[in-house]
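This document opens with one chain alone, in structure tokens, the form predicted on its own.
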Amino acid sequence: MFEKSFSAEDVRRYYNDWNDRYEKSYGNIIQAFRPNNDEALIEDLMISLNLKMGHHYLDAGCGVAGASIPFVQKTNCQISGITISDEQAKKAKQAIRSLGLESKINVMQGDYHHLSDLYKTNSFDGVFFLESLGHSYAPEKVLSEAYKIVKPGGFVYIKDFYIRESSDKQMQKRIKKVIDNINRYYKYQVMSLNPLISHIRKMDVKLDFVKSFDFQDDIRIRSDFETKNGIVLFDGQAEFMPADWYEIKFTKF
């Protein structure tokens, strides 16, 4: 599951080069799995995250702070953000400054594989990964790093997708081919759910939930982005679901 297929530098260059393309299709909330409007997505995430006024959170893989900004506006919490892309960090800071939120949101360029080198131990009330953990070449290391910087009683939340399993060998081959395409086009390493959960359960945590999302996925933005940018995942064959989307949350003892 955790085979290294690309580096953090590869991901940095990818988002430096592609961020404008993402913003043209997605706006500043670069989330592929979403309901039919940004407000509904933010409200749904806030229910799962349960952000609280005055608490300090880390948005790990924050992009241009598209989710962090409304989180702060709605809850008056404090958020630090980290993105591997210096281009995204620059745009996030510009957006934060334009809204006068510099005292509430701080974004830096950095590598989330080394969170404990960048932030103090037990310093955050929560860490969340919104479609960002799959960009890791070593997600188990990233989660261990997140664990170090979360306070006892704090949480780690993951929104991501996982390879679908099938008892049909031919279908499993088709799934693997599409997953390989996703990884190549998006600089991703689509994870397997069971090994990830196994890794989490070996940490000193309470697994709060592993669940599917309540909203209906609206694929129009994702389809528009892929069409505009020549991304072909199914090689001309009929589309199907090669992965399942889940949200995972655990609390540090």
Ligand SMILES: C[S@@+](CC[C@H](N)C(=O)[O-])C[C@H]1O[C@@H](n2cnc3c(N)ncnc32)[C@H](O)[C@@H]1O
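It should be emphasised that the depicted structure is a prediction, and the values quoted were computed from it without experimental measurement. Start at 1 and count along the sequence shown; that's the residue number.
Although it is not shown, the form predicted together with this ligand is what the next lines describe.
Enquirer: In the predicted complex, do V11, S85 and Y112 all reach within 4.5 Å of this ligand through at least one heavy atom apiece?
Expert: The answer is yes: all three residues contact the partner (heavy atom, 4.5 Å cut-off).
Enquirer: Scan V72, V107, I175, L130 and let me know which has any heavy atom within 4.5 Å of this ligand in the predicted complex.
Expert: When this ligand is considered in the predicted complex, the option within 4.5 Å is L130.
Enquirer: Please tell me which of L49, I29, L196, V190 lies within 4.5 Å of this ligand in the predicted complex, judged by heavy atoms.
Expert: It is I29.
Enquirer: Which among 210-218, 224-232, 197-205, 61-69 is in contact with this ligand in the predicted complex, heavy atoms within 4.5 angstroms?
Expert: Among the candidates, contact is made by 61-69.
Enquirer: I'd like to know if K91 sits close to this ligand in the predicted complex, meaning any non-hydrogen atom pair within 4.5 angstroms.
Expert: It does not: once this ligand is placed as it appears in the predicted complex, K91 has no heavy atom within 4.5 Å of it.
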